[in-house]
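Just one chain is shown here, as structure tokens, and it is the form predicted alone.
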């Protein structure tokens, strides 16, 4: 796919230098954002007994935190567009740290919903979205590699936080652990301090200038058609993306995908225990999954950056989603613990591929300049399936008293989402090629018309000069 949106930045991204420090800061922020809500499940049993509540009530803590993290995307986008990534990430680190410290003094489950779920979720939203946005400011050629390395923070932190939380739980209980984790999460402020604003070196290519002029003229025509209210909204977040064909394809495919994306991870250990496997072996499946995921993300970034994959990266993402769904469909068909180990390996590979490409393909579609708004609008819509996916999957387990139907359903949803993305991106590529050819024809026609007008003007000038010469003679 042509990448005009990605290259019209008005400056040349350094593709290295301090950008690697920014990737390290994003690695920390993204790691905490994705891994922390999952790692809190270690404390759920004790909290459930302490407050005398049901499992569904305690499960809402992580669900609210994840849903708030996604729903806070537009707010984070507005703040990033206004103030930049660094201050937003620092504020987010302060919020999530204070939320965990406050939650350690909670007296009811509602306190945990508000502190951990809502305040902590918004803090993670202020960490996730700016970290993804600033990578696009520092990288262009090496952007898939940078995104893959930054997204690897999730499995690395998940594999680190799981034993850390178990150690803290054994020695300090859930209240003391929450207090200590609040201090640990303040390291997000350090990660934010690495995200200094980029110094823009403007490019002065005549061809780029012409493209920018055409783009600005079209943008001006679009803005003239908008109402005053819409114009004011676009000053904070670019809602015109809902008219962007590629963005809408990405959005519909991802909504289908996210209904079956997180539930297989949540229910992997319970499914193993349901088959009579001991707790430690069941927990080891998650370690295998996280280890493979850890290496799959940067590896996918390297593959996606090759000259064979990069121009058609949307196909690569679509096939990764289909591969993920097929893994879930095959899971109940694999016998015994050895079958679950094979599933954990392939699931970790597929999950890592999807996560490494998830935001890279969005930036490929809309460009780095509109990415902040795009990820904010996408996350608030995706928070619906993120919030409802695991409870619906749990309902299937309650109805059929078996996990295999849940895995079948999640696999089918992801396969449908991947097929939709593949087919629609195929047509999108063709439409873009046709539009590009039409644009070239229009430019040639405009150029030839200008050339004819200039020639006629020159002829008129020559005739006028001849007349003046004859009159003088």
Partner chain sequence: MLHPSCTQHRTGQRPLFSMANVIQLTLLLICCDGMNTETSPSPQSDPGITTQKAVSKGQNQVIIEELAILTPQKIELLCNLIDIPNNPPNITGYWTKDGQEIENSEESVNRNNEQYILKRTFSIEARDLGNYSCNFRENEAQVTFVLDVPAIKDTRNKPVVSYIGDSVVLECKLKLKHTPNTWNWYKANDTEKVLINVTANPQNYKIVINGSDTKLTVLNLTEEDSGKYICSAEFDIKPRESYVKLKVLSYTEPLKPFIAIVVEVIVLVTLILLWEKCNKPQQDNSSAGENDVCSEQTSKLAGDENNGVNNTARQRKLQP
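Positions refer to the first chain, counted from 1. Definition used throughout: the rigid core is the maximal C-alpha set that superposes within 1.5 Å between two forms. All of these numbers come straight from a predicted model, not from anything done at the bench.
The discussion below concerns the form predicted together with its partner chain, not included here.
- When its partner chain is considered in the predicted complex, only one residue from 248, 114, 194, 283 comes within 4.5 Å through any heavy atom, namely 194.
- Only one of the listed residues (86, 370, 310, 274) places a non-hydrogen atom within 4.5 angstroms of its partner chain in the predicted complex, and that residue is 86.
- Its partner chain is not drawn, but in the predicted complex it has no heavy atom within 4.5 Å of residue 279.
- Under a 4.5 angstroms non-hydrogen atom cutoff, its partner chain in the predicted complex has residue 49 among its neighbouring residues.
- Taking the partner from the other structure, its partner chain in the predicted complex has no heavy atom within 4.5 Å of any heavy atom of residue 244.
- Heavy atoms of residue 398 never reach within 4.5 Å of its partner chain in the predicted complex, leaving it off the interface.
- In summary, the region of this chain contacting its partner chain in the predicted complex, judged by heavy atoms within 4.5 Å and restricted to 163-171, 388-396, 349-357, 254-262, corresponds to 163-171.
- Annotation for 279-305: no interface residues with its partner chain in the predicted complex [heavy atom within 4.5 Å].
- Relative to the superposed rigid core, residue 106 undergoes a CA displacement of at least 2 Å between this form and the one not shown.
- With the core superposed, residue 47 shows a C-alpha displacement of at least 2 Å between this form and the one not shown.
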